[in-house]
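One chain comes next, on its own, written as C-alpha cells: the form predicted alone.
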Amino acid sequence: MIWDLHCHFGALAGNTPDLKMEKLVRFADRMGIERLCIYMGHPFLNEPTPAQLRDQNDQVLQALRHWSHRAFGFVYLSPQHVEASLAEFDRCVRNGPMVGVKLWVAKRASARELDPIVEAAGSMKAIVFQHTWHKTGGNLPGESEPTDVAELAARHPKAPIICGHTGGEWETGIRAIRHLPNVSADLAGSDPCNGFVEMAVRELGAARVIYGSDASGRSFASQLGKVMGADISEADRKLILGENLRRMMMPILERKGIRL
C-alpha cells in the first residue's frame, strides 16, 4: 500500500482538472501508488486573494468529482484572509469532500492568524499540512521554516500537523520538530540523498515519517527512491509508504463516511 501525501496536478498538460488528474494517476499507476493527496490548482499563488483561493479549491473539487476513488483533497487556505479561509474550510471540508488543510507561504506558521484555521481543522479531525523550507538565499516573505511549525504545534498539541518537506534542509528540520509528538515529517520534494529517512526514523520514530513526492514538480520514482533505498526495516518502510498516512486520516474519513 503506497499513499502519496503530497501531489499537485496544476503544471501537467491538459486544459481541465480532469485531464491533468488523468495524467497524474497514469504516472502514479506506473509506480504502484494507490492513493494521492492533491492540493492547489494552477497557477501557484504566493498571496492569493479570497477569490483566487476559491478558484484553486474549485479546481481540486472538479478533479475529485471523477477521481475520488484515487485521490483525497486538501483545501488551500491563507492566514492572510482568515474569515474567507474559514468559509472555504466549511465549504470544502465541513460540507464538502476534502479531508485536510494545505497552508503555503502567505504567513509564517508561527503567526497567530493560523490559530483559528488549526482550530477549525481540529473540529473535523482534519490534517494540517504546512509547507516549510530553509533556503540558502533567503525564504519568500511569509515562508515558514520548521521552527515556525514547532511554535504552531506547541500551541495546538492535539492537532495532527505535517511539516512539509521537513524544511528541505532536513537535518535541522528533523531536530526542530522532534520534541513535538503531534508533528510528522514529510519526505517530499528535496533531492534524494542518503541519510534523510534513516535520521527521521531514528530521531522521530517511523510512525512520524510520511512518504510524499511533490509530483508533478518531482517524479514519483525519485522520491520513492528515498524510502525504497533507505536502510530501515520492512515494517518501518510500510509505515512510511502508506500506513502512517492512512492512520492519520482515518478519523476524518470515518467521520465523513468515506469508505476505502
Partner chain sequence: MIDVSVSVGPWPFRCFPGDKPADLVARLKRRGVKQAWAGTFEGIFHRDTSAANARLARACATAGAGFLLPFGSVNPAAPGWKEDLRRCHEVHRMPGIRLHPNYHGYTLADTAFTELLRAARERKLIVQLALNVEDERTQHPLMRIPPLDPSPLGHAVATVPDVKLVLLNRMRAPAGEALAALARTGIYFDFAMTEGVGGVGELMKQVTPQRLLLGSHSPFQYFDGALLKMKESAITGDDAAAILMGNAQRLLR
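Positions refer to the first chain, counted from 1. Not measured: the values here are computed from a predicted model.
The same protein has a further form, the form predicted in complex with the partner chain, not shown here; the description that follows concerns it.
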query	finding
Joint contact, 79, 112 and 119 to the partner chain in the predicted complex, by non-hydrogen atom at 4.5 Å	no
Stretch from 155-163, 81-89, 101-109, 133-141 whose residues place a heavy atom within 4.5 Å of the partner chain in the predicted complex	133-141
Non-hydrogen atom contact residue 168 with the partner chain in the predicted complex at 4.5 angstroms	yes
The partner chain contact in the predicted complex: residue 192, any heavy atom under 4.5 Å	yes
4.5 Å heavy atom contact, residue 30 and the partner chain in the predicted complex	yes
Partner contact for residue 252 in the predicted complex: the partner chain, 4.5 angstroms, heavy atom	no
Selected contact from 230, 64, 201, 40, since only one has a non-hydrogen atom within 4.5 angstroms of the partner chain in the predicted complex	230
In the predicted complex, the residue from 49, 46, 68, 222 that sits within 4.5 Å of the partner chain by heavy atoms	222
Interface residues of 1-18 toward the partner chain, as seen in the predicted complex [heavy atoms, 4.5 Å]	12
